[in-house]
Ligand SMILES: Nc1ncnc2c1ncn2[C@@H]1O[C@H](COP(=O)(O)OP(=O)(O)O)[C@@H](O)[C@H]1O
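Taking the form predicted on its own, here's one chain by itself in C-alpha cells.
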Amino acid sequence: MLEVKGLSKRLPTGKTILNDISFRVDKGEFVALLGASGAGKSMTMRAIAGLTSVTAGEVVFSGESGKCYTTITASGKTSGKDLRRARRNIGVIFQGSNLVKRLPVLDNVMIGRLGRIHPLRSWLYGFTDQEASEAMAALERVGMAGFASRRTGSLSGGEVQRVAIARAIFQRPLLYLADEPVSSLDPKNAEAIMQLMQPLAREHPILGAFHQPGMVMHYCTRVIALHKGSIIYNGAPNLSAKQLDEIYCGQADRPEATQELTAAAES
C-alpha cells in the first residue's frame, strides 16, 4: 500500500509545483498518473521515490507485514539509512531504462538487488548461484531468458524495457514506480510492455506516469489526473472525451490530438 499525504512543493520564487497531493494505491491496483507536460507527474514520482524535497506532506508505503517505510517528509527527518531501506523496496522502471549498456543482460538484472547485499560482498564475491537463478527466472518471466549473455547495448528498445522490468522484479519490491515506461516505444512494443506490467500489479501495486490515455484505459485500474500540480480527477480509467480534454488543457482542440483522445475515450 502506498499513501501520499498532502504533498506540496513551492519554489523560492513562490511558484507552486505540487499543491496538496493526496492519494492511496492499494494492493492489486495499477494506477496511472495522467496530465499534460508540466502538470506535476514526474515531480510527484520523484517525491515518492525521495529524490526531491517537498514543502509539506509525506510519503509512506508498506507491505503485507504491515511494516511502514517513509521515503520523504517535509520536515526532512527521514534519515539516509531509512531512505535507503525504503528505496530497496521500490522497483523503479524508468523511461530510459537506466541499464549499463556494456554489461550482459543477466548482470543488469542482478544489479537491481545491490541495495540488499553488503557492499563488501558486492565488491569481493558478487552474487550467489541462487541469486543468478532468480535473475534468470525474472528474465524468463518477461521473455528474455535467451538474451541473458547478450550485451545490453545490442538490444532493441522494447527488449531493453523488458530487461528493466526483469531487474525490478528481481529486486523483490513492495511497490513499483513506472516513469513513462512506454513513451519511447512504438505502439506494438508499448502494448507488450503494458501486458507484462498488468499482472505485476496483482502482486504489488504499480503507480505509473503515462502519456497514452488509450492504453491506460485498457490496462490500468484507476486514473489520477494532474493539472498545474493539483489533482483534478481520481477515479475509473474509462474517461470521456470531455474529461480528457479537461485533463489535457484543451489539447483536444488541435486536430492531431482530437482523433487520439476521442479514440481513447471510445475504445
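Residue numbers run from 1 along the displayed sequence. What you see is a predicted model, and the numbers here were worked out from it, not measured in a lab.
FYI, the form predicted together with the ligand isn't displayed, but the following is about it.
Of the stretches 30-38, 200-208, 54-62, 234-242, only 30-38 has residues with a heavy atom within 4.5 Å of the ligand in the predicted complex. Contact annotation for Met215: none of its heavy atoms lies within 4.5 Å of the ligand in the predicted complex. Heavy atoms of Thr221 never reach within 4.5 Å of the ligand in the predicted complex, leaving it off the interface. When contacts are judged by a 4.5 Å heavy atom cut-off, Ala49 does not count as touching the ligand in the predicted complex. Interface residue remark: Ser230 is not counted as part of the site for the ligand in the predicted complex, having no heavy atom within 4.5 Å. Although the ligand is not shown here, in the predicted complex the stretch 1-19 places heavy atoms of Leu11, Lys15, Ile17 within 4.5 Å of it, in sequence order.
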